[in-house]
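Below, in structure tokens: the form predicted on its own, a single chain.
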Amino acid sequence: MPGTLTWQWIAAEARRRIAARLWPPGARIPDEADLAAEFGCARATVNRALRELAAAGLLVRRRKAGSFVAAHPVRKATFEIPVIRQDVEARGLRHGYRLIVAETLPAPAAVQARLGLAPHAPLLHLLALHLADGLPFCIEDRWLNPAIPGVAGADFATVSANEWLVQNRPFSGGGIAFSAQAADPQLAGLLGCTPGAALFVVERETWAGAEPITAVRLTYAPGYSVAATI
């Protein structure tokens, strides 16, 4: 058990207990105070983890009664992390890749919050452009945990961090958000579009147990579409 527990670690451990039927469907799980004592952490940390599991449909929380493992977990849409190269090639186009920035520096406060990092924690910042038949397809703006095994020896100038991570670092959980953004001058310059053009944006963070892996912002050129299965 790590020395300083995060809510992500507790959520991952709770998922493990549910999957292993240590907490079977319909069962009442231990109180927050008991879990906090077991894990040696603040009750608020446990509360955050249980709220995430409830939002995912794995727990049912009842006022004054406690938290229960869902007897019939809600069916939710699921997403696999796509390899951008394969996405381009599946469209019948030739993939290209260009690494623009590779530097290690303290992550912005928003990224620290997304990954639960201490202030000024250094991360590897990678900014890359993916091409389709020579035209801009996607900007990959990524913050990567440099402590992940293999990162130090990876050549991100030739293989994107997106593809390297899918191949080399399994994840146990994370978050994803979709949004639209009007292209500012910098994005317009990179994507070869006019300022103000509508862009599709994906923001994602992934974890391996309690270890943060990466936070990435993918910004796609105008006209991009995505499909998912449920």
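Residues carry their position along the shown sequence, with the first being 1. The structure presented is a predicted model; accordingly, all values stated were derived computationally and were not measured. Only the largest set of C-alpha atoms that superpose within 1.5 Å between the two forms is called the rigid core.
What comes next is about the form predicted in complex with the DNA, which is not displayed.
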Only one of 38 to 46, 163 to 171, 178 to 186, 200 to 208 has residues with a heavy atom within 4.5 Å of the DNA in the predicted complex, and that stretch is 38 to 46
With the distance limit set at 4.5 angstroms and only heavy atoms considered, check whether R98, A102 and E140 all reach the DNA in the predicted complex. no
Check: Does Y224 make contact with the DNA in the predicted complex, using a 4.5 Å heavy atom cut-off?
Finding: no
Check A65 for me: does it contact the DNA in the predicted complex (non-hydrogen atoms, 4.5 angstroms)? yes
Would E203 count as moving between the shown form and the other one, using a Cα shift of 2 angstroms or more after superposing the core as the test?
no
Notebook entry, point to check: Superposing on the rigid core, do we see a C-alpha displacement of 2 Å or more at I10 between the shown form and the other one?
Noted result: yes
Did F39 shift 2 Å or more between the shown form and the other one, C-alpha, core superposed: yes
